[in-house]
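First comes one chain, alone, set out as structure tokens in the form predicted alone.
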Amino acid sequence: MQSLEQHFDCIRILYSCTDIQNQVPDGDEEISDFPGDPAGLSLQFKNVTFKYPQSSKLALEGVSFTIEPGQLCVVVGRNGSGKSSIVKLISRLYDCTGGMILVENHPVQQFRLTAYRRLVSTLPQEFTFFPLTVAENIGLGDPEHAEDHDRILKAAESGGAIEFIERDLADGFRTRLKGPSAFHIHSGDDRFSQWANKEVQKHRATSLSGGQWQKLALSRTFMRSSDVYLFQRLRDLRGKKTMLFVTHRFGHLTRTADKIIVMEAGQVLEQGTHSDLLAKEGLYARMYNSQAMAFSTV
């Protein structure tokens, strides 16, 4: 259990994040209304090379591909092949060390970070949650509209969270959620500890299942684009949003994607549709057939 002092330290650390400076240079061009295709934006990697700070090893080397507006692109590869690095560069968590990344034929570095990142919604495999209310956890996806209940409601509907929020949580969106560790107060004075913990019990936080937290994470992503549906709804968005899905698993999504990019050791090994890549009988075909065989084995 954590002490009250430790919890205050965590709060100080949380608020100190606002003082962290961006490590990637800001652009000087504002974007009020990006001049892109209404069906989505084009994305192009041109001979992109990248290595992480303090690393001598290249994470990406000579990566080139183009995703047209409204296409669904799936990036596959083994662990450590460079898939996540591509997403981090698209989100401008880092800048490439060589080559160029273009959105609608504009270098991403020319735009102000706050404006550019409004164009991109990212849902990582691992997500962070906080001991706040349900509404606050969702609202963090778009701090400028964090108190807009209508927007939060729509995001919760898109993320599939609205059902358990209204059915299982007595206080609905006002329900305070339990963070990574339980809040408990220790003190040398037993009378103070008993009183303080009784106060904590009055405001006992609610625990959620892993699946419920995932739906809240989806809802948080949808705060900036609340009409977006992922996973089972990705195919419905084809032609409406440009989407890049990173995975090491194969299934219906890879079979129906507009483009598949196969990564290996930081490089693009193969590109094409599912049928094209199966016909090549290369790495994609071997990986796909290996997984298909595993699922068909009783």
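Nothing here was measured: the structure is a model prediction, and the numbers come from that model. Residues carry their position along the shown sequence, with the first being 1.
Quick note: we don't show the form predicted in complex with a small molecule, though the next part is all about it.
Asks: Can residue 82 be called a contact residue for the small molecule in the predicted complex at 4.5 Å between heavy atoms?
Replies: Heavy-atom contact with the small molecule at 4.5 Å: present for residue 82.
Asks: I'd like to know whether residue 78 contacts the small molecule in the predicted complex, with contact meaning heavy atoms within 4.5 angstroms.
Replies: Although the small molecule is absent here, residue 78 would touch it in the predicted complex, with heavy atoms inside 4.5 Å.
Asks: Indicate whether the small molecule has at least one heavy atom within 4.5 Å of a heavy atom of residue 257 in the predicted complex.
Replies: Result no; residue 257 lies far from the small molecule in the predicted complex.
Asks: For residue 59, is any heavy atom within 4.5 Å of the small molecule in the predicted complex, or not?
Replies: The answer is yes: residue 59 has a heavy atom within 4.5 Å of the small molecule.
Asks: May I ask whether 280, 288 and 290 all come within 4.5 angstroms of the small molecule in the predicted complex, judged by heavy atoms?
Replies: No, the candidate spot makes no contact with the small molecule.
Asks: Answer with one of 106, 118, 151, 88: the residue that has a non-hydrogen atom within 4.5 Å of the small molecule in the predicted complex.
Replies: Contact residue from the list: 88.
Asks: Tell me, please, which stretch of 22-30, 66-74, 269-277, 48-56 lies within 4.5 angstroms of the small molecule in the predicted complex when heavy atoms are compared?
Replies: Only one stretch qualifies here: 48-56.
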